[in-house]
Every structure is written in C-alpha cells, then in structure tokens.
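Each of the two blocks below gives one form of the same protein chain as structure tokens; they are labelled structure 1 and structure 2.
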Structure 1
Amino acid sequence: MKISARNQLKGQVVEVVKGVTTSHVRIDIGGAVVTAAITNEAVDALNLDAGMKAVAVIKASDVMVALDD
C-alpha cells in the first residue's frame, strides 16, 4: 500500500489497551514509544497484538512548541 504521509516510523507493537470504544496502541520505534488512539474496530480489523511489526504513520496539521519559563 502507498500512502501520502511521509512521517512513517517502523516499529513493534508493545501493548494494546482496549477501552470501551477506543484502544491505545503503543509502538516502540527504536527506544522511543509512540501511542496511537484508534477505534476498537480498527484494532480488530488489523488483528493488532503485542509483538507485531507495525508502522506509526503521523499526519499532523499543527505542531506546537512551548518553553518552560
């Protein structure tokens, strides 16, 4: 599959925590862990489970920067 998003981080799923409607999927991308919030239906459709290889695709319209005073 091809996708237009350029921020694609390959890694391994370390945890899938299902909530009532949304799951949190944690992906280790080489020492850093990113967390995606996706629907439970998406988790089921992808058969996501810990230990699987996955790609975190990041598409953000805004990135904010803050400094502590």
Structure 2
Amino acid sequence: MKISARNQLKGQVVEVVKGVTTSHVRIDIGGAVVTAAITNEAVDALNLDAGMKAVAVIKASDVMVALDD
C-alpha cells in the first residue's frame, strides 16, 4: 500500500503501552522518539512490539510549526 500522508518516518518500536481501548506506541526515528496514540485493535492487527521496525505516519495537515523563544 502507498499512502498520501507526506510524513513517513522510519524507525524502531521502543515501547508499547496498552490502556483499555487506547495504546501508546513509541518509535525511535533516530535522534528522536515519536509517540503514537492508536487503538488496541491496531496494535493487535499489526502485532506491534518493542524491537520491530516501524514507520511513524503523519498527515501534513496534522503538523504544526513552533519557534523556540
């Protein structure tokens, strides 16, 4: 599958924390760790676990820009 989302940051899963319905998946993209909040069903469907290679995917319209003071 190829997807329109402009941001596809390759890395490695470093942690999966499951809640009752929502999980947090942390992906080390090299120099930074990205946190994704996704459904438990998605974690199960992809069999996500620490150590796996994974891609953090983000639609351009969901990215903001900030300036440090």
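Shifts are known only where both forms have a C-alpha. Here the rigid core means the biggest group of C-alpha atoms that line up within 1.5 Å when the two forms are laid on top of each other. Please note that residue numbering is based on structure 1, beginning with 1 at the start of its sequence. Note that the structure is a prediction, hence the values are computed from the model and not measured.
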property	result
Index of the chain form predicted alone, chosen from the pair	1
C-alpha of residue 61 moved at least 2 Å between structure 1 and structure 2 on rigid core	yes
Displacement runs between structure 1 and structure 2, C-alpha, 2 Å or more, three or more consecutive residues, core aligned	60-69
